[in-house]
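As a starting point, one isolated chain is supplied in structure tokens, in the form predicted on its own.
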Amino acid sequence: MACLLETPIRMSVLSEVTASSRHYVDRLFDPDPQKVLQGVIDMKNAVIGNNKQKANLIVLGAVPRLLYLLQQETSSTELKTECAVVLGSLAMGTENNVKSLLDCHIIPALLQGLLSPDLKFIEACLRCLRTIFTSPVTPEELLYTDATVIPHLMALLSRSRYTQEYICQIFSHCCKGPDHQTILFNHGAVQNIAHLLTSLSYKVRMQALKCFSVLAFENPQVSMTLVNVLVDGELLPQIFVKMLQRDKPIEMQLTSAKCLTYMCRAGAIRTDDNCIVLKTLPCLVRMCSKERLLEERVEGAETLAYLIEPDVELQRIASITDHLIAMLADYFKYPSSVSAITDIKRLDHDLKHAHELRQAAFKLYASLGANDEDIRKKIIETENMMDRIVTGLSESSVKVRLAAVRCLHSLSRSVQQLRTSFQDHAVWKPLMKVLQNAPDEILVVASSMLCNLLLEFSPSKEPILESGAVELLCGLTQSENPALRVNGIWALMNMAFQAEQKIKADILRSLSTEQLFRLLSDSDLNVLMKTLGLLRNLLSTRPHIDKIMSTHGKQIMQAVTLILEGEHNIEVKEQTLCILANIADGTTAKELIMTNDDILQKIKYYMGHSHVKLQLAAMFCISNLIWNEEEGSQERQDKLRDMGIVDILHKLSQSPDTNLCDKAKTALQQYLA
């Protein structure tokens, strides 16, 4: 029986809920315009702060009717304005409300409303557009669909402080990436918005500032323009510096610091400029203190990480400003059990977002330790730092995991730390776990770090090899992502350096000659160079050279021929000739060169090449082939003499390049001995 009753009960609840709201919608259809206006005003009062009522009215179909009234030529301006206000209020509810409004094509209707001569109606439309465009469910592209919209919005900037505030807010939310920046820049955004920085309205100044931060981000063209813009006789960077002074609101300080940071990173302001060293950097460090709100600390740390990332001197200055390295350790203890937060809502918010603090701290530590050995040491000696990073590698948040891997990667550039802290904490274990199943963005950084852990002086190299790294890395070389292919082959190259024969055999077996050839014909130059580096490391020490060439000689010689004949740059050909020189150093392997006239002719050709690097590499091949103390050297010398190699050696012994000249003379002595 209960099952039979379930549906009627639901329906009666729904009809009860909507019945109380239905009369609001019914009044929108009254033939008397005055009653319609009063109905819209009553609806406005009913929905303010009432999400349930908003949802009910949307379900009952209020939106299409409000949009109809908003667009009707016969509607009074007052009615149109009130409709825009109600629609704006509905948009302030849940994301589902915004989706419903978008489904009813609210944006074209509101944009059309901006053509009205009435300022109050324009402001109501802009306020509603601002609310919709700042919602995460609204595609930014909707602002750029009609090419006439941006120039019209630029023209409306001069109408009132409200049009200025709302339009700047729309621009700063809808400017995502270089295409949008270019559109806004080409329509005069810089000139139209610059003077708003001196507006009497704080909200206008703030939104204009936010506009400049999104316009300048990674954009040299905009940044170079901003540097020279004058507002009331003052240059923009000077205005930004004034806005990041301590007496200004935190939001303004942070956004000004972002503007200057982005201009600096885009190359418009030097990293040693006082406005960066003495103003922007200290301001961002201040934002990291525990007195600041969680979101301010996150934004401060992430912006500072971005500012100092490429510059060693800024990293050094930041590391000794206000005990920053120790200050960041607090990011991992938040909120603490003795937290000063008495506002329960704030505490709840911060508990949900505490992972953002950890992410920001990892990012900033990664930037701080990118180059300087002493800074890395300080970071690692900060309380429980390595444990925190290791914990970060297994956090549920992808962003925290990525930031932790980046931090670890930055610290792994230190030979000292690879030998000590990284070994003490067995960092390789969680790293291998991360590599088993992670999104590409994490894999790229984690595999890059693995390259460092596989360097020959790293104590982690052995255990990593024992934990199945060869198969994992060979798998990476088959990725569609070029960065993963590079890292996979790079790590194998490091693994093969001065390795035992068994490891080299494992690499060749797991990789397969088919895959090796695919990598040698890879369109990505880095992949090709690292694959040649791997081959060079595999073909080192005589017994290894002879063993590998006895099983894979034919294919390797084929690959070498193809590369030397192909359209490749000097570095690629030099590496390939160095591989040949290694083969020529083998005991039995050198016969694969001596019995291949095509390869011998190529070596001869490169001895006479215009580029010294290639001549030197070809000389190494010849020296290894003619060395007197080795069996069969006389026959090899005779064959090469008949090919005209001795004549070339005489010519090269007169070379102005001392290195080449010495190598040629040494080779000639082998003939005289």
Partner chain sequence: MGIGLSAQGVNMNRLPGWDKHSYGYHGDDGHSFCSSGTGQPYGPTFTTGDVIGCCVNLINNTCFYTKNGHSLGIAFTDLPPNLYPTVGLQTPGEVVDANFGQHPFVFDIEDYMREWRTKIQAQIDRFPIGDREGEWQTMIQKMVSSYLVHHGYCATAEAFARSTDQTVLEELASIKNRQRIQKLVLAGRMGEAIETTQQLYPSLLERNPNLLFTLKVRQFIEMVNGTDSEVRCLGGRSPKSQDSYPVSPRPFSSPSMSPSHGLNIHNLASGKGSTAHFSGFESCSNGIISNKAHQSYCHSKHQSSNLNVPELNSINMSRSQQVNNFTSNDVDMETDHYSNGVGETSSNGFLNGSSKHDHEMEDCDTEMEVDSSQLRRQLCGGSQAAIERMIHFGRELQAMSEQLRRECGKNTANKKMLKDAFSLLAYSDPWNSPVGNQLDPIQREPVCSALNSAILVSRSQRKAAIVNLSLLGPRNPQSAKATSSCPSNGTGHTMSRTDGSIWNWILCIRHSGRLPTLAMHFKSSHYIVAFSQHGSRPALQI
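Everything quoted here is computed from the prediction, not taken from an experiment. Residue numbers count along the first chain shown, from 1.
One more form of this protein should be noted, the form predicted together with its partner chain, which is absent from this view; the next part is about it.
Is its partner chain in the predicted complex close enough to Asp247, Ile317 and Ile320 that every residue in that trio has a heavy atom within 4.5 angstroms of it?
Spot residues vs its partner chain: full contact, yes.
Pick from 350-358, 321-329, 531-539, 502-510: which stretch has non-hydrogen atoms within 4.5 Å of its partner chain in the predicted complex?
It is 321-329 that comes within 4.5 Å of the partner.
I need to confirm a contact call. Of Asp374, Asp598, Asp424, Glu291, which residue comes within 4.5 Å of its partner chain in the predicted complex, counting heavy atoms only?
Of Asp374, Asp598, Asp424, Glu291, the residue with a heavy atom within 4.5 Å of its partner chain in the predicted complex is Glu291.
From the list Leu115, Leu562, Leu278, Val231, which entry has a heavy atom within 4.5 Å of its partner chain in the predicted complex?
Only one option qualifies, and that one is Leu278.
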